[in-house]
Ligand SMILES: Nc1nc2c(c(=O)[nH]1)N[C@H]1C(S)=C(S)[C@@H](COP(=O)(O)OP(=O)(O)OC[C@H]3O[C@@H](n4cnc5c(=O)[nH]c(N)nc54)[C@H](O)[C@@H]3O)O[C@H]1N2
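Take a look at this single chain, the form predicted on its own, given in structure tokens.
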């Protein structure tokens, strides 16, 4: 299709992009000549249905992908996968997935495309990039990335001169937690979190929905903890699956978590239930910490949180009675209200009072694995300052790029313009707060490239769409993991891509050639690259291809195993009082600030995850769609009765800024506070090419038009919006 006369101009209803009958395409490109009729091949790889990246074994029968199961050698899966992992087969066969490179026809956002060859698409991208470079400098192109496949996109773009890059997993998910623990212990939390749930006697979950978020290895350990009757304490406005297993459920008013945490800290200190030996040996600024929290009494917290003081006391004494084998889970997706670094630091300090750092049944010190590098080129030095927030002039304690900082600079053009975006595997329309601000930024771009497997809302605004393969169809960089043992895992193609999709490493390599920097990827293909790294590390490449995982020798991860505790803070200790924060004008000890109340007739909207879906990425997967085709809005039964709304009736949600959602079904339940409503994130797709999921359910991202930004590290809130329920006409 390289010539103009062969180009096909496609509307949003074009059959080449939509769902055709499975029989017309599902077998294309999947036959493996080495597989005899009836033979089943088992090929290890690791999953990308979520960030947990569990090791799995793909089964290929008669040359076609059949099923995907856990790899018993892998520490993330232990031989078992969650619903999303087992549903990965559906991602390969998804009828709505992108099939070929596309270029925009007409106005941005109108979702009209022409199909082009890979050569034409990448030549266009390279030409536009070089034009931006000549007019504004290479720093005026930015990268938004998510997922493992972005590794070589980032490498090529940084070689070319890009310095601004960010992933939404930081400012929109885990960043506040990581910085809060880093400021306290001198080490972040990482992924997976080093929680010894396997050996804990008491697990405290604050808005962490184990069993619904399906963090595989932790959910397995959680189930085992419940089976052996470990105490579970859950703090959540909603009676979640985890709350149903709890000894104590504290249905706090949303936004008051920090008040509860500070009162718990105060109670442990005043009653002498904290680990005095740990604090004396490893604590810094403890006396000033005690003085700072002296007014955070149980009575005060009970009024703020709208829970009984007796429940607060009972839960605190329960967790203290099991220390140090008590865990207050650090959580994930914790950027809720705009002050989340301090709330996460409060959780870190509560753990410190329990003396559980580096202890069996507490927070172990994760170990990694060392794998030899390939030896790629160094990146050019740059004279300009990064404007993605990773340098201290914007957010003093940010240690990664901030997506919204890039967006802000794209809108303002200051301190220099951003004119090009590369977006890899992230749907910014749903991931970032304020869809309107994202669209405003896009209108200032000279180039928007989206590399995706699905026609997401973000892809609908692209100038060029580059269709990526699924994780079952490609090689990727080695995964080097941290946990009870370090490990390395191999991703390798199990089946061929069904159409013209290409793996991200191949796209990056071809783009590098177009940009004249092809020598930055000096290998024939990624298998050659991986083999060099593995064999330089002293391991067998053939064995890794067969087993999928390399395990590092075990090292001590707890004091009980002989670990000597070290803390990477300026004081070399656990910082109950943070001189770093004080020096930058922030509270050295977390302080509770009351958040705004819902306007009359409105309710605070909180969100979460479902075990069968990942963000906004899986709603068209035919296997997972059947599990949950749309989301629901949880409403307390008394609230629903007062509004005259019936269970399973459809409503629309209208937020404080007048944003109106798609229709969504009501789940009237006693399992949520009367002042709060809840729904699962990721639904309500508006791109018509996502035919299976189009307009099914409501988008929480669309309703997140009002947000606050954490001044410490740049996290953006997701629970600062209020909605009213509008009955359908």
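These figures come from a predicted structure and were not determined experimentally. Numbering follows the first chain given and starts at 1.
There is also a form predicted in complex with this ligand; it is not shown, and the following applies to it.
**Q** Please identify, from 213 to 221, 377 to 385, 112 to 120, 640 to 648, the stretch that has a heavy atom within 4.5 Å of this ligand in the model of the complex.
**A** Answer to the contact question: 213 to 221.
**Q** Going by a heavy atom distance of 4.5 Å, is residue 358 a contact of this ligand in the model of the complex?
**A** Although this ligand is absent here, residue 358 would stay clear of it in the model of the complex, with no heavy atoms inside 4.5 Å.
**Q** Does residue 613 make contact with this ligand in the model of the complex, using a 4.5 Å heavy atom cut-off?
**A** Close contact exists here: in the model of the complex, residue 613 approaches this ligand to within 4.5 Å, heavy atoms only.
**Q** Does residue 389 reach this ligand in the model of the complex if we count a contact as any heavy atom within 4.5 Å?
**A** No, no contact at 4.5 Å.
**Q** With the partner left out here, check for me: in the model of the complex, does some heavy atom of residue 509 sit within 4.5 Å of this ligand?
**A** Heavy-atom contact with this ligand at 4.5 Å: absent for residue 509.
**Q** Let me know the one among 578, 469, 304, 631 whose heavy atoms come within 4.5 Å of this ligand in the model of the complex, would you?
**A** Answer to the contact question: 469.
**Q** Can you pick out, from 246, 183, 521, 451, the residue that has a heavy atom within 4.5 Å of this ligand in the model of the complex?
**A** Result of the distance check: 451.
**Q** Heavy atom within 4.5 Å of this ligand in the model of the complex: which residues of 236 to 269 qualify?
**A** Contacts from 236 to 269: 236, 237, 238, 240, 252, 254, 255, 257.
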